[in-house]
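Shown here is one chain on its own, the form predicted on its own, set out as structure tokens.
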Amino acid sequence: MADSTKVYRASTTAPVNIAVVKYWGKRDTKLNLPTNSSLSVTLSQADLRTLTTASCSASYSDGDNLTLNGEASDVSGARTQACFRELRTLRASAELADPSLPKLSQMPLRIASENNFPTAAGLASSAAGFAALVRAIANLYELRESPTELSIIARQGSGSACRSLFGGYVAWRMGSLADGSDSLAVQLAEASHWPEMRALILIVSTAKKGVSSTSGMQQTVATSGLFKERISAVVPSHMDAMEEAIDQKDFAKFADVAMRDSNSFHATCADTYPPIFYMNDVSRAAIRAVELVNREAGRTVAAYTFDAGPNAVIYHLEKDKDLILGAFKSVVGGVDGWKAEDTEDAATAEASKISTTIHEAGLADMLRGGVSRVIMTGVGEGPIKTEEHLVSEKGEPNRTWSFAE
């Protein structure tokens, strides 16, 4: 007879991904089917990750529940329930095929999750969160579905979560079928294909967004004239060019498409009625600073992109890190996040010249006053199974945790 008190558990970490061709707009809100394809870079989990433990037990008497960063979180929402339902269905099928398997699909789920970065501040927390949730439950249920197959489930939780089931460079194909079975993520290239990709993230605000991505998307779809041109012509062109840039490891092309697509995305937000402004004056100062860096370098060495928030993600290559980091550290070097091992040689003459230009352009005070933290990271791997559990063998929390800014 099965032990009714046994706690089954599995844990995984999952990464943040930052899109360089943006997902914005849904053609089906229930299934999270997008109006356009998108493409992202998965970032290193050493710097940005969600850790999630999925557990189940017949002894759990309080039904399904989830804690995020030590606080109870609602699991009754349609998006979370869709993930639970799809994963339970797959496990139930496996149990039907093999009656010796414990009936995990019938047991309540207890999920514990934590982020090592601010939640709901434009850093793709929901993408990492739902990717970790789906991957952890899939591990718990010992499912054999591929990451692409699981991406269809993760997409129903958070659209961009489907891309966080892979490392490296990832495309989310929008698909065309009404049931969403062809709207899925595929890995274009592993991190090892172009490992030199780096990102400097300027944290402009850790406050929760004034307009959620879900709400903002629907407003844009309904009211923006620019949006129609974006999904019909701009994004398809950007997808083709970005896939070619990654394949050829052409940073100049990568940067051009990333910046143009970010501009296009935020233009459609501004064209929404009433307008949506995710960027602020500090964000715009960061854009201008990147333009000055590229101009003074005499070549394209940096690329900005902004998701639905004010934080600047500045992509660059490892070979140019002294130039990029040196220029920005001279302006916002007083905030947390700088890694000594990566910036000890950054104070080059060229970086000093660029930082002087940033000061002369009147951007330094705005950046210094608005950037609260930096994150230095690079391209990284997909979800990783771990024995670091947030739920004990008895089903209790292993630790109390909260994010400290």
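One rule holds for the numbers: they count along the sequence shown, beginning at 1. What you see is a predicted model, and the numbers here were worked out from it, not measured in a lab.
Below, we refer to the form predicted together with a further copy of the same chain, which is not included among the displayed structures.
K.L.:
Counting only non-hydrogen atoms, which stretch in 221-229, 310-318, 70-78, 137-145 is within 4.5 Å of a further copy of the same chain in the model of the complex?
P.N.:
In short, 221-229.
K.L.:
Report yes if any heavy atom of residue 275 sits within 4.5 Å of a heavy atom of a further copy of the same chain in the model of the complex; otherwise report no.
P.N.:
Residue 275 belongs to the contact set for a further copy of the same chain.
K.L.:
Does residue 244 make contact with a further copy of the same chain in the model of the complex, using a 4.5 Å heavy atom cut-off?
P.N.:
Outside the cut-off, so no.
K.L.:
With the cut-off set at 4.5 Å between non-hydrogen atoms, does residue 304 touch a further copy of the same chain in the model of the complex?
P.N.:
Flag for residue 304 set to yes.
K.L.:
Heavy atoms within 4.5 Å of a further copy of the same chain in the model of the complex: does residue 193 have any?
P.N.:
Close contact is absent here: in the model of the complex, residue 193 is far from a further copy of the same chain, nothing within 4.5 Å, heavy atoms only.
K.L.:
Of the residues 85, 103, 260, 249, which one places a heavy atom within 4.5 Å of a further copy of the same chain in the model of the complex?
P.N.:
It is 260 that has a heavy atom within 4.5 Å of the partner.
K.L.:
Exactly one residue in 280, 215, 116, 93 has a non-hydrogen atom within 4.5 Å of a further copy of the same chain in the model of the complex; which is it?
P.N.:
Answer to the contact question: 280.
K.L.:
Establish, in the model of the complex, whether 336, 343 and 368 all lie within 4.5 Å of a further copy of the same chain, using non-hydrogen atoms for the distance.
P.N.:
Not one of the three qualifies.
K.L.:
Output the sequence-ordered list of residues from 351-387 with at least one heavy atom within 4.5 Å of a further copy of the same chain in the model of the complex.
P.N.:
Residue within 4.5 Å: 361, and no other.
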